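One chain is shown next in structure tokens, namely the form predicted on its own.
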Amino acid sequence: MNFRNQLKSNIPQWLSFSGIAIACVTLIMSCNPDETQLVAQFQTISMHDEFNDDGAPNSEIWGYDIGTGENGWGNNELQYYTDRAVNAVVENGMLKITAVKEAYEGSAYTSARLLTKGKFEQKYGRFEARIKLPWGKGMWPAFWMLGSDYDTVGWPQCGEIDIMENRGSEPTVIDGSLHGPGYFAGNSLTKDFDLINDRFDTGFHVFGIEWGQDYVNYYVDGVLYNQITRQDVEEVKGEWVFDQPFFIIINLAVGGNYDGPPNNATVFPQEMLVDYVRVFAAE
């Protein structure tokens, strides 16, 4: 695939986790020698979008989910996802996904959900994005992945890797989770990360995972805060279904089971800004 964007020149390809190699040296309590070795193995970039060209998102990489989905995409979400520029556009070197309060096709809100399904899918590697989150009760931004066999086996058998999701009412906290058969929805394997003395809606942060044969490691700004292993899954009598290619999804939902509906204090429009998305594979 010919990706038209080039990496932003001020961030080396091999140091895209905002200094992750340094973090694993200095954060001794978070990174043991085996984890440092895992960090080093994913150095070959296999897909990236730097969002340098204004206009519609790159159609070689991104498609759209359109509509309300069954039962609000299975989560009682309130928005209608569109492919309009008002909801998803590339401007000023970043992807802007905007949630708008408006009557549209029977819904009270619109937003966008972009995905690489059928365009880019990969098994194992490092997946990361630099994002500034929205804020407000009922906002549900997410950067996540589903197994490529989603259409044939359904969810949760296909597996789901939530790299980052956030409740808009909790602007200092994000979650990283795994969903699969025997551990999904409210029983997923998950852990949160609390940003100290800062908020995720006031600046950009790098959210990422490193995914191998028997583990998924979760990072925020180069800090390893969670590891979920095949053994962890088997201990809850679940099935490890993370041995196939996955595709990427970036979306901003409104309402739903995760944070509930917006309230009178929620300001619209709300924006989820994505500076880049990068995927690395083993050499």
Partner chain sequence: MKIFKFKSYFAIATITILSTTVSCERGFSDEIAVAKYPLTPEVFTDFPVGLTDAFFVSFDPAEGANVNGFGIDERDAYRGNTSIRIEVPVPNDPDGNYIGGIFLDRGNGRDLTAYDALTFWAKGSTTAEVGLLGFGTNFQGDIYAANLSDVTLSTAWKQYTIPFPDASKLVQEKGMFAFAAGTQSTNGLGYSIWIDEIRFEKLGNIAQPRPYIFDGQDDTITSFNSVEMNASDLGVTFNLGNGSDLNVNAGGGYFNFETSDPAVAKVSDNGTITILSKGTAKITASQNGIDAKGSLTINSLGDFELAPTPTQAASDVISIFSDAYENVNIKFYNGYWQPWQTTTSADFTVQGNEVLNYENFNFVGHQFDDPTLDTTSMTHLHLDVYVPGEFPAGAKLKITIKDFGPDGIDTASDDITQEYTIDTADLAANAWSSVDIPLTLSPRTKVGQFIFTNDGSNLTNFYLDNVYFYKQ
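Numbering follows the first chain given and starts at 1. Computed from a predicted structure; not experimentally measured.
Keep in mind that the form predicted in complex with the partner chain is missing from the display, and what follows is about it.
Partner contacts here mean any heavy atom within 4.5 Å of the partner chain in the predicted complex, and among 104-112, 200-208, 138-146, 70-78 they occur only in 200-208. Heavy atoms of Thr172 reach within 4.5 Å of the partner chain in the predicted complex, making it an interface residue. In the predicted complex, the partner chain lies within 4.5 angstroms of at least one heavy atom of each of the following residues of 257-283: Ala265, Val267, in sequence order.
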